[in-house]
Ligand SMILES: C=C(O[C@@H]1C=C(C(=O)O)C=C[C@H]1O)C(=O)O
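We begin with a single chain expressed as structure tokens, specifically the form predicted on its own.
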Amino acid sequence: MCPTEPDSAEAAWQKLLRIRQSIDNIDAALVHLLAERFKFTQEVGELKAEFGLPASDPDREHRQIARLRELAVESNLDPEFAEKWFNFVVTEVIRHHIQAGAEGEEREAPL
């Protein structure tokens, strides 16, 4: 056994821990960014409910997908992954918008 192997293994382990800490920090930032995004989409949902607008906007969604796919390519990220992520988020946003619309209807319903 070479005397440098334990040091190499320890160095690799320390590097792995540093990398994982960076990943954890990015995960935390993503959660905070998603929370901020949902605050704004909640406001959009409330406006849509107030003015009787549809919960989804397919034209905007298509434009956003195209834009995000382009950003993904520029960032060396799989554009399919970016689109799947966006579709997941939009599905949740639309669910919230529909819920906001239903709650608005309940508030306006006569007793």
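On a predicted model such as this, the values are computed, not experimentally measured, just so you know. Residue numbers here begin at 1 and follow the sequence given.
In what follows, reference is made to the form predicted together with this ligand, a form of this protein that is not presented.
Contact with this ligand in the predicted bound form, defined as a heavy atom within 4.5 Å, holds for exactly one of Glu83, Glu46, Glu70, Glu61, namely Glu61.
Heavy atoms of Val90 reach within 4.5 Å of this ligand in the predicted bound form, making it an interface residue. When this ligand is considered in the predicted bound form, Ala102 lies well away from it, no heavy atom lying within 4.5 Å. The shortest heavy atom separation between Ile98 and this ligand in the predicted bound form exceeds 4.5 Å.
Shown here without this ligand, the chain has no residue in 7-31 lying with a heavy atom within 4.5 Å of that partner in the predicted bound form.
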